[in-house]
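So this first bit is one chain, no partners, the form predicted on its own, shown in structure tokens.
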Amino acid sequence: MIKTANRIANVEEYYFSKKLAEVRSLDTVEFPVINLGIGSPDLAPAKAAIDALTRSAQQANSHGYQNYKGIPALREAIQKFYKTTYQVDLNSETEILPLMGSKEGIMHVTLAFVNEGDEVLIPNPGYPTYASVSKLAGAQVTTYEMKESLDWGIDIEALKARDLSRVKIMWVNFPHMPTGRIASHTELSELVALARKNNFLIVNDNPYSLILNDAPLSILAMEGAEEVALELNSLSKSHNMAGWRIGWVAGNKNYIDAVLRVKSNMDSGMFLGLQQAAVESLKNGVDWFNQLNDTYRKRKQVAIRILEQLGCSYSKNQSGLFLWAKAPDTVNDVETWIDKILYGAKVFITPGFIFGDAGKRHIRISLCATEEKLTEANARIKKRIDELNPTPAGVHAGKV
């Protein structure tokens, strides 16, 4: 066997890549698994987007290589979206770079700015890809804690007291996944000021800002952000287009040019039909998002009943596609507890440890399932609780 590269020695296969294979192995026609683990929207994109894709695919000249920077119409649509949604003015020619999903942007940004041995700050709990990509680049990964005592906010004063001289990139993610934390203008401003003082790049991963959130914010709206900040965004969550892989990075022209130098060596442009569909999706109006969020609010209420059934505690002030909750004290090992729910009730819930050790006592439920499926999941879990933990009438059992 050929020896693998040293760079992958400390990088594990993505948790969901392995776990979902296990989940699928339990699926049967008679008793299918209800997957409440991943944030893959089950609702359709806007009809106008689907129609645009169909029209483009039927045209013979749509199937060739495309510009690495995306078509002008897409960059202009993103520019208008940022102006309308975040009150941020961007130059569509120089400050926006379309991506094949924002996840690839994490890799592109890292390769463009991080040298081997540089320090990268990532949130704990936080999206695991920040850490894995940093490790692939040979960076030193350092975490900063999202503090439960601050309703999952960042302890800015603690960060100021640290030696940040070797930090090259700080990853932030607001609204935050998995906790649903929404950052205030003050918090984002303080983070930008910290990056300016310590001369590092701060990158906000911002795909959840339109989901159950009445006040969308971009880090690029903060004073001084143009000097030190980039922002990733996408249509995956907010526009129900996760599998379409359409995203972008926005910010200072010099930073965008650096990312383009990496990206242009890793792909050959996005299919024209997808770009034209994205243009139409970015035109979605307030009514479209109101309807989408009404659906998620209803699902959230059912998901809360699941958490309460399990005896979990949670914050009511959460945005995004998930509910984050703390397991009851009666649970000794959350991963084992989650597996008991999976194998006993055939309901898959994400254990919080995969987002960092600050999440090891927590779980995450996705809202990307219908009310009917969430209701059925609740009934299955209740039955399983009753089977394993019979309790006197009126006494609640939160242990599965």
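Everything quoted here is computed from the prediction, not taken from an experiment. We number the residues from 1 along the sequence you see.
Not pictured, yet referred to below: the form predicted in complex with a small molecule.
For the residues Pro216, Gly101, Gly311, Gly153, the 4.5 Å heavy atom test against the small molecule in the predicted bound form is passed only by Gly101. Contact annotation: of the candidates Ile306, Ile182, Met177, Val133, the single residue with a non-hydrogen atom within 4.5 angstroms of the small molecule in the predicted bound form is Met177. In the predicted bound form, none of the heavy atoms of Phe271 sits within 4.5 Å of a heavy atom of the small molecule. Shown alone here, Tyr296 lies farther than 4.5 Å from the small molecule in the predicted bound form, counting heavy atoms only.
Contact between Lys300 and the small molecule in the predicted bound form is not found at the 4.5 Å heavy atom cutoff. The small molecule in the predicted bound form is not approached by Gly320, whose heavy atoms all lie more than 4.5 angstroms from it. The candidate stretches are 136 to 144, 276 to 284, 109 to 117, 169 to 177, and the one lying within 4.5 Å of the small molecule in the predicted bound form by heavy atoms is 169 to 177.
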